[in-house]
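The chain below stands alone, shown as structure tokens; this is the form predicted on its own.
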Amino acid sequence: MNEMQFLTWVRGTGLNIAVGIFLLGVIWRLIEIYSLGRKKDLSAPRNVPGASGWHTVFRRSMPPKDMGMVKKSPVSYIGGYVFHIGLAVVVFLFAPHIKFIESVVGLSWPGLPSQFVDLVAVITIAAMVVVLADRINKPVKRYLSTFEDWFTWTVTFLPVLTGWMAVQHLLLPYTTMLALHILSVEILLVVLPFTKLFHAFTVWGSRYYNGAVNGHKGVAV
């Protein structure tokens, strides 16, 4: 298989397989989670300002007001925000990615200048490397880390790295690097529903649910 055949496969058959597994996995996991059910809370609601699902979603998406934990673990907090925001910018605001999304679902929106997205990609790569180094160098974090933590970091990091390298025409011919980039995205799609990366779909629902339950009790979280 030459590089053009490889690129054709990952853009065709490989992509169809990956998207199919991704969609089935996401649907299955969501059904699994939301079908668990929960007994109705019969206690009287205690209405307290700021104690609700939506307030919790907003509060937990913002940097913490108590800077104590940020000072104790600045890399986890700052690096985490940087690479999550950077990842969102690279995925959803890069013109070629928008074109691809449009070809799949028919939705489109304005993108950012490629030079800016390129800078964001570099910052995102750097932030992920720093977060990884911090996890390796801190004994407690390293002890608590499992194979899944290292694996999910890798499958998240590779699409950003290979995409940036393809745009910059680094290391390998553009066709080969583009094919590797698409393949790395497909691997990410396949594993996402079955690993911790699935928090991309559950984070908002879980925050809302916890906020609603605690809000019913009059507790702002």
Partner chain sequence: MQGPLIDTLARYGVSRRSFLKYCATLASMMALPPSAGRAMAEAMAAAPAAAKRPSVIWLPFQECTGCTESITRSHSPSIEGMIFDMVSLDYQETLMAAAGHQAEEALHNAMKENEGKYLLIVDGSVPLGLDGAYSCIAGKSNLEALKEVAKGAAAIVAMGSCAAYGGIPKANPNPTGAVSVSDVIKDKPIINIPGCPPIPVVMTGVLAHFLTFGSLPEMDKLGRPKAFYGETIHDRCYRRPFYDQGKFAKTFDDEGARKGWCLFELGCKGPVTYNACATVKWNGGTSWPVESGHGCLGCSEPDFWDGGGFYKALSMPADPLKVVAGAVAVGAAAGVAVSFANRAKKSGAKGGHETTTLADLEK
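Positions refer to the first chain, counted from 1. In this text, all values refer to a predicted model and were calculated from it rather than measured experimentally.
Another form exists, predicted in complex with the partner chain; not displayed. Remarks below refer to it.
Contact annotation: of the candidates A126, A95, A133, I85, the single residue with a non-hydrogen atom within 4.5 angstroms of the partner chain in the model of the complex is A95.
Contact with the partner chain in the model of the complex, defined as a heavy atom within 4.5 Å, holds for exactly one of S73, S114, S145, N137, namely S114. In the model of the complex, the partner chain sits beyond 4.5 Å of every heavy atom of V122. Using a 4.5 Å cutoff between non-hydrogen atoms, L36 counts as a contact of the partner chain in the model of the complex. Within 4.5 Å of some heavy atom of the partner chain in the model of the complex lies at least one heavy atom of N16. A residue is said to contact a partner when one of its heavy atoms sits within 4.5 Å of a partner heavy atom; I27 meets this definition for the partner chain in the model of the complex. Taking a 4.5 Å heavy atom cutoff to the partner chain in the model of the complex, the contacting residues in 173-205 are P173, Y174, T175, L178.
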